[in-house]
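The chain that follows stands alone, in the form predicted alone, written as structure tokens.
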């Protein structure tokens, strides 16, 4: 209610009634409109391309696992829902023998995807993950690993990393210079 001393009580009552009538008119206008309802299981609204939901582990173009178990994803996770163990194969490639994500704790922030140097972790728009048992939301490596490269299908970490593996020796990787013989630099 306006407390202006120059305004008469009758003017104030008319202003209040006008505001009340505008509110009722808005309600009355929407009273006869047909409601807009989306039938969810039958119709699924298209999500934006950058939607963040279910996490997957991708493979490189050669079919090998991209994850090198560097622990960056578990270190950057604000709710500590990612855990893994690292190991090394005979050819020098690092991998994760087990990788676990607890989707019951995950907040789908996407920090793990940004921190991953190998593009192994990627978030997909798949958001339908309801379970009766909360332990069913703990996904193991076998549940997360897919048979494609995800968003960047041609990227292979070991072709750029400069690590000696079956992909190549030092100095033979993409955009890598030949190693320098430090003895040639001595006076």
Partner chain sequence: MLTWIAGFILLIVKLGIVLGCMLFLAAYLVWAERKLLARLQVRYGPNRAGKFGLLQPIADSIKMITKEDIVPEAADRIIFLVAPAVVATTALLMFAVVPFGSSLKIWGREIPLVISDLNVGLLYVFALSSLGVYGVALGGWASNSKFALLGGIRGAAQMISYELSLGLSLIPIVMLAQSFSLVDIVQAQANYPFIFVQPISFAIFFISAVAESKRIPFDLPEAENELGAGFHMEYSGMRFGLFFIGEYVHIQVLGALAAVFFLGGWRGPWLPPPVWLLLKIILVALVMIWIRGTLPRLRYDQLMELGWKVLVPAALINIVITGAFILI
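Keep in mind that this is a model prediction, so the values were computed, not measured. Superpose the two forms; the largest set of C-alphas matching within 1.5 Å is the rigid core. Residue numbers count along the first chain shown, from 1.
The discussion below concerns the form predicted in complex with its partner chain, not included here.
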Legend entry - Position in contact with its partner chain when the complex is considered in the predicted complex, options 44, 30, 50, 131, heavy atoms within 4.5 Å: 30
Legend entry - Candidate stretches 50-58, 32-40, 144-152, 120-128 - the one whose heavy atoms come within 4.5 Å of its partner chain in the predicted complex: 32-40
Legend entry - Close approach of residue 10 to its partner chain in the predicted complex, 4.5 Å, heavy atom: no
Legend entry - Partner proximity in the predicted complex: residue 20 to its partner chain, non-hydrogen atom cutoff 4.5 Å: yes
Legend entry - Post core alignment: residue 29 C-alpha displaced by 2 Å or more between the shown form and the other one: yes
Legend entry - Core-superposed C-alpha of residue 133 shifting 2 Å or more between the shown form and the other one: no
Inset, instruction - Could you check whether the CA atom of residue 38 moves 2 Å or more between the shown form and the other one, using the rigid core for the fit? - result: yes
